[in-house]
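Okay, here we've got a single chain as structure tokens, the form predicted alone, with questions on binding and movement later.
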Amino acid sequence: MARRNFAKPDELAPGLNYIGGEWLPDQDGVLIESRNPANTREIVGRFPRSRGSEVDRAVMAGKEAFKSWRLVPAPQRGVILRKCADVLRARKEEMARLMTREMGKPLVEARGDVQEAIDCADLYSGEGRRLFGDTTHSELPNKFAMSIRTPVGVCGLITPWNFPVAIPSWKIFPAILCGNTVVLKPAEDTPACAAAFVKALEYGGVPPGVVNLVQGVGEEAGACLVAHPEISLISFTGSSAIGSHIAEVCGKNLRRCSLEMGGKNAQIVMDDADLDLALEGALWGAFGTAGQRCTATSRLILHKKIKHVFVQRLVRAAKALRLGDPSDEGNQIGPVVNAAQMERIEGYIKIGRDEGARLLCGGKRAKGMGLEHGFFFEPTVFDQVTPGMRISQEEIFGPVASVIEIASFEEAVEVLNGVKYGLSSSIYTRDVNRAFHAIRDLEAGITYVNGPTIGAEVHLPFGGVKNTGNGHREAGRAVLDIFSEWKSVYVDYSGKLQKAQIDVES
């Protein structure tokens, strides 16, 4: 597809809901204001603060579109996803720059976020020809047996602000490939990114009503979506507290529910590790996206033999990271997303100090020319942290790394596993046997060997254990089990009644 310049902001990200193939204003006319977290004087756009009526319209549009969309052959649904990938490629730079303005992710990371959506579209476009079931022999003669995937229905998707294009793509593309229709309720901090993404899908040829977008806040639009009786499935990414509530509502209604929630991820650095490599990983894992990733490296579990040297180098490198306007590609760290997140991080700095941890660097709002109108927070390192401290146990979601000293591999595993979350884990070691023990023993859905805790790829399952999720996985082929139902099919061509388990004796 030829590259096209989508220069008009209202074409890239309409300040409207998208329901049944139409861009529509909220009936009440109440708006959400999206501001640039690097410069709060700049308004990125205004978007509907939708409530129950808009949610209901979107769900019913999805229900109507489901009647025909479920009958479109899966390979043809895959062709549409391939066209969506082409549109995203053409719009990648504009969407990345919009993302940087709206949620503060450095431009290089924002491009990666959009690229992840492109990769996801490419992956599931191919899965349209691989939506396999099983065929097997029946236990009875002249009888055929097989299983097939069938769509679930209208899916409610609730997504966060930290990956405002990638995470919606993880949910939307496999959902519609399986023949479902969807209603997306994005985070209120990134409405423009969601609108731009859905606009790209519209331009890619997704039929009216298959993808619907309802802007709004979680307590209103999100709650209405979760409770709507015509929703067959809720897929949620966000905090464990909200996820637990969603699971309760879905459980009462016997509705499918997929939850991707918090993390308290750790990087182990053993005494035989490549310290240069481990330092690069720690900096990227802890401070990339200003620490606002569910996979962020918030704990550094360091062997006592290398701890002193490693911490000295870590602090020096953290102080050297450049904070500033994330659209300036010379800057490495952008702002946190909003004032509430800034206050949350400041609260945890106080908690860490009160608990007796030693603050080595950072710990406060960044000051300086160009930073005074944004939510910038200095990269922060705590030392002398013990496993039971709150800053070791609770998700901070900011550029804060806590250093924990250990004396053995066995102790490192115990410390890493000693939290209620289990999303991502990492170990740096040259010992291949130790690496495989870590793969086996670390309680996490993801384990990296000689790499940081961030950097998931779309063709592998993504998700965690314990309070990180409820047993499902996103991405890869595993996500198809969320968005499809299994149907077993028997075709008896014997011409007579045959009784399974009765006519055959083993």
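Everything numeric in this text was worked out from a predicted model, so none of it was measured. Numbers follow the displayed sequence, beginning with 1.
There is another form of the same protein, the form predicted together with a small molecule; it is not shown, and what comes next is about it.
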Inset, instruction - Mind telling me which stretch in 384-392, 416-424, 211-219, 94-102 gets its heavy atoms within 4.5 Å of the small molecule in the predicted complex? - result: 211-219
Inset, instruction - Just give me the single entry in F163, F376, F173, F236 that has a non-hydrogen atom within 4.5 angstroms of the small molecule in the predicted complex. - result: F236
Inset, instruction - Go through P186, G285, G334, P399 and name the one with a heavy atom inside 4.5 Å of the small molecule in the predicted complex. - result: P186
Legend entry - Partner contact for T159 in the predicted complex: the small molecule, 4.5 angstroms, heavy atom: yes
Inset, instruction - Give a yes or no for A85: in the predicted complex, does one of its heavy atoms lie within 4.5 Å of a heavy atom belonging to the small molecule? - result: no
Inset, instruction - May I ask you to check whether I246 falls inside a 4.5 Å heavy atom distance of the small molecule in the predicted complex? - result: yes
Inset, instruction - Determine whether any heavy atom of I242 comes within 4.5 Å of a heavy atom of the small molecule in the predicted complex, and answer yes or no. - result: yes
